[in-house]
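First, one chain by itself in structure tokens, the form predicted alone.
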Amino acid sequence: MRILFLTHSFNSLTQRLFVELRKRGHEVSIEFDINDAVAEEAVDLFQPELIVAPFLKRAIPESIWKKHLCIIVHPGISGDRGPSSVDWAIMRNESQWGVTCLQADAEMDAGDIWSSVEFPMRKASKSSLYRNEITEAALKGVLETIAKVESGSAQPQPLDYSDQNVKGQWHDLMTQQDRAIDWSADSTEQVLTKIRAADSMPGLRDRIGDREFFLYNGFEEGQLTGEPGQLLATRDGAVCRATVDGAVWITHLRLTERKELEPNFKLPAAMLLADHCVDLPDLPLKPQEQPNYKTWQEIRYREQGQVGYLYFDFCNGAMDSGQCLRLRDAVRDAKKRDIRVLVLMGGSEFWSNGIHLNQIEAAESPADESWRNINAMDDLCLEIINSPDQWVVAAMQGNAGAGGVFFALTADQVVARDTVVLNPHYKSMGNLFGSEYWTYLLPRRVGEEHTNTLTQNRLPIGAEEGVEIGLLDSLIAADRTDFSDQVKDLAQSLLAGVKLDQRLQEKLERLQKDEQIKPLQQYRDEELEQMKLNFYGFDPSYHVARYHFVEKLPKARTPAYLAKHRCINKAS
């Protein structure tokens, strides 16, 4: 089918649907929902057989839904209506939730229902649910809807609140007052629930000292205590704050009202609370430390026999200079241990998205911080590439983008969950060239033709396509828990295999041969020479694109590589 996506942004849900529908042979084009006139023009140009709205912040214009079949992907169960569906589901501790594909109509979320898919709820943030359960349910629902539309005989079901199977209801927009934390009364679980329901948008508004912030990314702390609301400690940029029955770690904040030159985007909590943290104890945890209580630990190292597992759970997959160097040191320490297989587990939400654009934007000199960050990332990559005594496995359970994809290729073997979406390119960030030794790592895996396609097209690919072209070695079809179990089985089979010594020897010989043909340092120097132009050259594209990205400025147009209908029109 010819399918047009009308969407507020090309987010993880939209990308997953885009990848899966194209894989099934559908012709998909995308238009950002900028205004009615732009949307109407896109429809006229593309003449879609179906319009899908996976992520909208306003209603589809009547001029479109009256003439075309438009499917709204609503993150709620049948009958659920309103703009804060998942927020309310988390706050009410719903055990089941779902996604409904309904037909656009005059009344918001009240159109006929084409499909409804439910799933069990986890105690997780709204953004985590979106990236996982909601995305999977949406994909199933959209595929069911398309099958019904293609059949020509199936009809949607009108929304009928007298039907006992329709359990949803209308909910107003959740306000900050609805979410407000009462530090003198709310338990740790209540505080975490409120933070989760607001993560990542709009964030939970709260006062610390004499300033108000939006709070993000909360975790339970099982040992520290203090006066409710009191800041207790810092760790790796996060702050710990007391509740009535314990404490929570909060990793990121955003100012609600900024003064001149202050940032208006998410940053590490301790960075924005620097004046409050001067006298607080800093409580770093070494990766190999294993507390016997609940806490927040950004980098963890665990060992089973001669297999080491390195976990790095960086918020939104972004890796700043300090995080890259701490992870490099963790890799270095792991390599000194008596292990033969090292598994890079990444985080539960993301594998990696490369350098930390928010931290760079907030720096006194974004160009200098960009340079520090990419060099720290390269140092990490080099540490992994030069691991002659360990077989290194990258186990990608979450999405990856830009340098984060090429960071994974430093491993000897790359496996991924079948749900993973990859963006192996930099160009959309102001024609950034990129480093992470990608000019060495990528062509040897996929060849020159695929290298050019991946880096120039700026489109996401699914894990299945990644395996087909050689970017990845294999897929694991599993949920989050089963994925970890299967990775551990894989690691143990590698350890027990009779060919491990042979693999390590071949790996060493290949590295030595490659080094003779063209040293790794030369690849790095050439990449960084291009990056220096991005950071310090006359073309400001990278700095402009980064500013637009971190400030989340409204899109002025849809990029040509997404809006296929506009390219077709120009060509004709």
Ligand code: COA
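As the structure is a prediction and not an experimental result, all values here were calculated from the model. Numbers for residues come from their place in the sequence shown, where the first is 1.
What follows is about the form predicted in complex with the named molecule, which we do not show.
Colleague: Can you confirm whether F119, K126 and S348, the three residues that make up this candidate site, all sit within 4.5 Å of the named molecule in the predicted bound form, judged by heavy atoms?
Modeller: No, the candidate spot makes no contact with the named molecule.
Colleague: Would you mind picking the one in N358, S321, T251, Q397 that has a heavy atom within 4.5 Å of the named molecule in the predicted bound form?
Modeller: Of the candidates N358, S321, T251, Q397, N358 is the one lying within 4.5 Å of the named molecule in the predicted bound form.
Colleague: Would you kindly say which of G218, G401, G168, G466 lies with a heavy atom within 4.5 Å of the named molecule in the predicted bound form?
Modeller: Answer to the contact question: G401.
Colleague: If you check in the predicted bound form, is Q15 within 4.5 Å of the named molecule, heavy atoms only?
Modeller: Flag for Q15 set to yes.
Colleague: Using heavy atoms and a 4.5 Å limit, would one call S200 a contact residue for the named molecule in the predicted bound form?
Modeller: Within the cut-off, so yes.
Colleague: Considering only heavy atoms, tell me if K552 and the named molecule come within 4.5 Å of each other in the predicted bound form.
Modeller: Judged by the heavy-atom cut-off of 4.5 Å, K552 is in contact with the named molecule in the predicted bound form.
Colleague: Is G354 one of the residues lying within 4.5 Å of the named molecule in the predicted bound form, judged by heavy atom distances?
Modeller: Yes - in the predicted bound form, heavy atoms of G354 and the named molecule come within 4.5 Å of each other.
Colleague: Considering the named molecule in the predicted bound form, find the one stretch among 385-393, 420-428, 340-348, 468-476 with heavy atoms no farther than 4.5 Å from it.
Modeller: Going through the listed ranges, the match is 420-428.
Colleague: Pull the contact list for 432-464: residues with a heavy atom within 4.5 Å of the named molecule in the predicted bound form, in sequence order.
Modeller: The stretch 432-464, when checked against the named molecule in the predicted bound form, contributes L432, E436 at the 4.5 Å heavy-atom cut-off.
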